[in-house]
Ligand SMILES: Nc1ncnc2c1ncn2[C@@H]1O[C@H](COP(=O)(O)OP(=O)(O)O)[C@@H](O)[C@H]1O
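Have a look below at one chain only, the form predicted alone, in structure tokens format.
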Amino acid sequence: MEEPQVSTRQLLGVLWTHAKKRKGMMFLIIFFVIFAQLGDIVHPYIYKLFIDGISKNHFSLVPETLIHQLFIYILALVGISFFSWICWRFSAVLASYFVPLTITELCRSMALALFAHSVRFYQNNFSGSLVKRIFRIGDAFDDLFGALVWNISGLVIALLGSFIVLYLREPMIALVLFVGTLIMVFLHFFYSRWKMKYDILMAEADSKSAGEFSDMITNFENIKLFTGVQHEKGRLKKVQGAWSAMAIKTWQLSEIADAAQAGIVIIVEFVLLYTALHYWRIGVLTVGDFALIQGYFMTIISKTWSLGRVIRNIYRAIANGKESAGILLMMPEIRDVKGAKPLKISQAQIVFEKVRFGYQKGQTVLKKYSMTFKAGKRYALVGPSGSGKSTIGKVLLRLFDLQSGHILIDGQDIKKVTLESLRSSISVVPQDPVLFHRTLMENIRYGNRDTTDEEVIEAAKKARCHEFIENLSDGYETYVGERGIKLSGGERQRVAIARAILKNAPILVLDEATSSLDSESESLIQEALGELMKGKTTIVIAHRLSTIMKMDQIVVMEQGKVVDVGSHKQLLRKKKSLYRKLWEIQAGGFIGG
């Protein structure tokens, strides 16, 4: 399932949905910003009055009343500046709460949306790129909110306010300033909109570069073992080359916009002052009006000059936000159907009815697979590599949806029950368990997060991992490293088994659950596995022979179909059976692959 193309309106809808939870605080910020920026309108006008007062009289002939009036203007200038400063401080303090809290919720929503997506989604995306996209939507909100509230609002207020004041003095002066400003604004707007396609490409190149770095760091051992430093250097050069090419392109385009704006500023200032000079000559404008005009011009130019970068940042933020919002707006491939009900386990009998499934288009891994796993019985799935053994566990957990057929648990179609209730009813011990970079206590407790420390330790004892944990310097508080890298494969699997013991679900799936254990470790844990399987419907995938022999039934698979079912002894009696062939090839080892 491809990610949807996100429109600007959809992105803004996503951001507003999170921002409106604190809309009272947001409107207060805007209120204070507006009043703070009104000072930019009033301040030059007071300064005009002050200049006019001075220019009318020679210093030696200045009456006391004028001195008093000029002093009032000075106090007004200071008072307006202080009022603006107070408003800015209030808006900044409120924003220091509003923006981080909204970003936090956006990132949390992104993470929850990622958790809802399917295994296939993760297979098609680099983990590093996904992490970057989580934080990128927060950055997009920060940039957009800052641009609209601090920058755009300031320009709008300055432009409208100065136009009104200047229009009352002389309409032509107001018109020159207004038209000149609009030309610059429209230049930035249309240029930035045209440039947006390059900003999107830049965001994609950035994500791809981050994903490549993440992939290399994840596989650092392979790089060392296969002397791949020079090879990775070449790949990095290619990816980083594409990124730097786009960075240079976008930077140069920004410089072109700045150069064009500088030229327009020079022209507008010339026309504005030339026009003002004409009206001063005929007595319409005063000396103070020049201060007023220049004050408004510098205020608007300072805001317009940064507008180019602000608009480009807005478009860049929109481009980055769109890339991230696709995750939020994309419908998860695997999801609860409308009206899904919780799975109710009475016996835990599992029935596969003519199941057809393939990971890719045109591929078929399971071909009309039909099998009944009776409640409380232990089954082993064996067969050559690629026969579909591990796929059985994946479709049972609804990590992937079937192309056709049905899977029933106690008569309930798993597609019609909630995913949470389905997966909470199944314990899984995978071939290569992945642990959180958290403590051993936290990793084991993940099987049942409501258990006490004593219950965690009891589960660890049953899984025969208590001994090695106790020998660690920090015991159960030891951090295991990313993906559990600080532990051996056997230790990770014993922790995973302890986690499954703690979960105590009615259905158990063991996928090569002891493949990483040495013979001594395996013998230690056989008893624990036997206890774990008691009373549970158990599916053991390609397990070691010693455990397979103890299963109630062995299901032999080939090319996605069931070709034989029986006990170990029954299957060995069949001279030409696939199971007997596997037995003869791997006798003393383990069946399947």
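Predicted model only: the values in this text are computed from it and were never measured. A residue's number is simply how far along the shown sequence it sits, counting from 1.
Heads up, the form predicted together with the ligand isn't pictured, but that's what we're talking about next.
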With the cut-off set at 4.5 Å between non-hydrogen atoms, does Val365 touch the ligand in the model of the complex?
yes
Evaluate Ser421 for contact with the ligand in the model of the complex, applying a 4.5 angstroms cut-off between non-hydrogen atoms, and reply yes or no.
no
Quick one: does Phe186 come within 4.5 Å of the ligand in the model of the complex, counting heavy atoms only?
no
Contact label in the model of the complex: Ser81 to the ligand, heavy atom within 4.5 Å
no
Note: the ligand not shown here; in the model of the complex, the stretch from 249-257, 356-364, 67-75, 211-219 having heavy atoms within 4.5 Å of it is 356-364
Considering Gly263, Gly475, Gly481, Gly386, which brings a non-hydrogen atom within 4.5 Å of the ligand in the model of the complex?
Gly386
Exactly one of Thr372, Asn125, Ser390, Asn151 comes within 4.5 Å of the ligand in the model of the complex through a heavy atom, and that residue is Ser390
